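Next up: a single chain in structure tokens, the form predicted alone.
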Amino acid sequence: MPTKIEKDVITGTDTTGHEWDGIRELNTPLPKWWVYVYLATVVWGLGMFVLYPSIPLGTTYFHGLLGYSSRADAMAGVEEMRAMHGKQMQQIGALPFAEIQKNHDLLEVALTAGRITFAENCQPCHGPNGEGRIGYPALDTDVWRWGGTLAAIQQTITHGIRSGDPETRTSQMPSFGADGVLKPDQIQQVADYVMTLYGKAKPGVDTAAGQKIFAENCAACHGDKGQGNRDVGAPPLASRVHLYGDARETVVAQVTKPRHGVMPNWNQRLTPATIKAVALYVHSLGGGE
């Protein structure tokens, strides 16, 4: 209830004349500077409300007197980044690999572009980290069918394997069993010998006959010691990395009637600069030479 204004005995401050249940309200108004700042923010807010987009109007909105658009600002930034990226990709396309590798900033752009492109196009077959899958080569090892240099990787990505491209890489393993070149027992013998190259020889098995068959029929492509031949895409057999696995039945099946995979020629989908970026990324996975 209202009471007369009097001075508070404890603080020495005038009261407002308001009292409730014995509690009196002190007259302590806000500082004038605070009030002025508050009023200024109100005026500022009203100005922003009028100048910039503010009120939704059904399917549209009030655009403000200045016509500002954060979307347009963002798109302008995106276009600026695209233009910058385009210039950098032009440099990547024009420079040799050695020059790109010397330029730290340009190499980072290339590796980033290569990683993104790899994830969008190559990962389903070769795995997220290039670890490979059954029937698809691992890219993070030093076991290469056609070579692991940057130039060799670029050639493979550009023209593919058995892709139909005029410059595609092509290799053809004979169907030794299906075509009757080797008899079933000979295939079993050569499989026994190949298992020794895999480091999985079965104890007590005589592989002399298989070694002789291998020398007469397989060594021309795979090498006399199973080291492979990149000139014809023959994989190394003296290795722990194998396209279809290292089980003995897999070896028998491949000698009898081999499977031949196909890799697309990416020059129909990717630009030369992007292919170079992918080659740099693949080279960086751990198996590049």
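Numbering starts at 1 and follows the sequence shown. Predicted model only: the values in this text are computed from it and were never measured.
This next part talks about the form predicted together with a small molecule, which is not shown.
Taken together, the three residues Phe49, Tyr52 and Val78 lack any non-hydrogen atom within 4.5 angstroms of the small molecule in the predicted bound form. Residue contact check for Thr112: none of its heavy atoms lie within 4.5 Å of the small molecule in the predicted bound form. At the 4.5 Å threshold, heavy atoms of Gln90 stay clear of the small molecule in the predicted bound form, well away from it. Mapping the unseen interface onto this chain, Gln172 counts among the residues with a heavy atom inside 4.5 Å of the small molecule in the predicted bound form. Contact annotation for Val42: none of its heavy atoms lies within 4.5 Å of the small molecule in the predicted bound form. Stretch 174-182 is the contacting one of 69-77, 174-182, 99-107, 201-209, since its residues have non-hydrogen atoms within 4.5 Å of the small molecule in the predicted bound form.
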